[in-house]
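Before any questions on binding or motion, here is one chain by itself as C-alpha cells, the form predicted alone.
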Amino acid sequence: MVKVEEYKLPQHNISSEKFFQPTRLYLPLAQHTGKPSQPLVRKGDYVEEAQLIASQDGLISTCLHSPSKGRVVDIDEFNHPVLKRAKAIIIECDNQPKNYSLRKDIDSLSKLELLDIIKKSGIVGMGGAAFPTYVKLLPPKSIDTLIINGCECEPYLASDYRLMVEKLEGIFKGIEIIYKILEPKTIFFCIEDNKPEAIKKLNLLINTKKFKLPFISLRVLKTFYPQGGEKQLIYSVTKRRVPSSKLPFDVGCLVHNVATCFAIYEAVYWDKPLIERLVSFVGDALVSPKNLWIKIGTSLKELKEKGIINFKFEPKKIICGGPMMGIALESLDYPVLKGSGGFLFLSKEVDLKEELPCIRCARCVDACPMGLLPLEYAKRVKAGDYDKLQEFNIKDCIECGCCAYICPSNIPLVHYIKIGKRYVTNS
C-alpha cells in the first residue's frame, strides 16, 4: 500500500439539494456485475417512482427500478462509463416525488424474507464493485467475521464519509439486518483515521449502544491506499490472507460498504429500492466540490445545465470515480449509476511523463497490496510473452494503481496489466 495525496475537501460539507428532480433519466440495464437486467417496460409506458422496470437475468444479475414517475420515451443505446455504450431505459420525468411509509413489522421478518426484500430492491455493492448484494449475502461457506467498510481510501471522494456523519443510525440498522441474515461471531466497523467527525459519531453510537447488535468493534486504521480493498481490509483487521483465486468467504469473512448497508436499511424499513445515492462531485475545475443526493440515471450534463454543479474552469479531464481507479469520460453526457460514488473534474490533463527503463528497484513489488510482481507483467507484455502471465497470477491484480504511482521510471504498469489480462481472458 502507498500514501497518496487525499484532496478530501468535500468531506466538510453536504448539499441540501437532496430533492433535485431531473427532467430525464438514462438507466443502463448493465449497472452491476453479471448479466444485464431485462426490460419489463416498452416505449410509451407510464411508470411510477420505485416501479420495477427491468428484471434480473439469472443468479448473478439484479433488477432495476424507476427513480422517478414519468414516461418511457425510449429503450436504446446510451453512453456507459465502463462499457462505453449500453442499452438503457430512458424516462421523461414528471417530478412528483413519492412518499414512502415506514414498515412496521421489521423484527418479525425472517432471514429469507429479508433476503427477498434486498433481492427485489436491486441493491448492489456501492463501494464500486456493484456485485448483487443478495448473492453476497448467500455465501456457500460459513461466515464468522463481518467487516463494515467505511475506509473510502480513493483520493478526493468523500460521499461515504458524509453518509457516516449524516446517516449513521440508518447504516447501523442496515448492519443489524445483515447480522440477522449471517449471524457472524464478530463484527468490525473499519474507518481510516482521516475521518474525525465520523469517528466521533461512531464512538458515541457504539458507547451508548443505540442499536440491536450484540457486539461490534470499531477499528480506526491508518490512512493508506488502497486500505478499502476488501482483501486488504480483511488482512488489516484479521491477519487472514485470501488465497489467489479465492474469495473472502473462503477465509470466513464478508465485507460490506457503508453505503450498501444504508441502502439495505432503506429497502427493509421504507420499502425503497436502490434509486438514488450520495455522490461526490470533486476536482479543481469545480466552483465548489460537494456531495449530493442524486437519482440513479441523472446525467452529468443536466446537473451542469441546471446549475447543480458549476465550473470555474472547463474540465480537461472528467473521471468517473477517483484518480487511482476511476474511468475517464469523453464528455458530461454520462449517467450516474448505482456504483457511482463520485466524479472528478480536473482543469488540466494528466501530465504523462516519459517512460524510462525499469531500474529493478522493486518499489512496485513493495507497494502492491496483493503481493504480486507488477514488473514481471510489464516485462512479459512488452516482449509478447503472454503465456507466463497466469503463472504470476495476473488475474489477482485489482488494478489499484499503486505500482504505477510509486514507479520512479514512470512505467504505466496498470496499462500493461490491462493488456495482459485481456490476452489471458481471451486465450
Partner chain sequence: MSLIVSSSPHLKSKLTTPYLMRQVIVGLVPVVIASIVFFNYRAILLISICTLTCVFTEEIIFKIRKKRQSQRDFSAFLTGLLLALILPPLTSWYAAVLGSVFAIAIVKHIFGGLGSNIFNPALMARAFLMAAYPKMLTSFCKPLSYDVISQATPLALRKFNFIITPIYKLFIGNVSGSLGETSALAILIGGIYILVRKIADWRIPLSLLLTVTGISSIFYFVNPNNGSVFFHLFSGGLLLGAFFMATDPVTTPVTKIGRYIFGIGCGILIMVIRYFSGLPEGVMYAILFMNMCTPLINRYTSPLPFGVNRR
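Because the structure is a prediction, the values reported are computed rather than measured. Positions refer to the first chain, counted from 1. For clarity, a rigid core is taken as the largest C-alpha set superposing within 1.5 Å between two forms.
The same protein has a further form, the form predicted in complex with its partner chain, not shown here; the description that follows concerns it.
When its partner chain is considered in the model of the complex, Ser331 lines it closely, a heavy atom lying within 4.5 Å. Remark: Cys63 does not count among the residues lining its partner chain in the model of the complex, judged by a heavy atom distance of 4.5 Å or less. Taking non-hydrogen atoms only, Met324 approaches its partner chain to within 4.5 angstroms in the model of the complex. Although the partner is absent here, Arg42 lies well away from its partner chain in the model of the complex, with no heavy atom inside 4.5 Å. Just one listed stretch, out of 233 to 241, 261 to 269, 67 to 75, 125 to 133, contacts its partner chain in the model of the complex at the 4.5 Å heavy atom level, and that stretch is 233 to 241.
Looking at its partner chain in the model of the complex, residues Ala362, Ala404 and Lys418 each place a heavy atom within 4.5 Å of it. With the partner omitted here, the residue from Gly170, Pro155, Gly252, Pro184 that has a non-hydrogen atom within 4.5 angstroms of its partner chain in the model of the complex is Pro155. Interface residue among Asp396, Glu48, Asp385, Asp57 relative to its partner chain in the model of the complex, by the heavy atom within 4.5 Å criterion: Asp396. Of the residues in 354 to 378, those that come within 4.5 Å of its partner chain in the model of the complex through at least one heavy atom are, in sequence order, Glu354, Leu356, Pro357, Cys358, Ile359, Arg360, Cys361, Ala362, Arg363, Val365, Asp366, Pro369, Met370, Gly371, Leu372, Leu373, Leu375. Remark: with the core as the superposition reference, the CA shift of Arg42 between this form and the one not shown stays below 2 Å. Once both forms are fitted on their core, the CA shift for Thr33 between this form and the one not shown remains under 2 Å.
For Cys63, the Cα coordinates differ by under 2 angstroms between this form and the one not shown after the core has been superposed.
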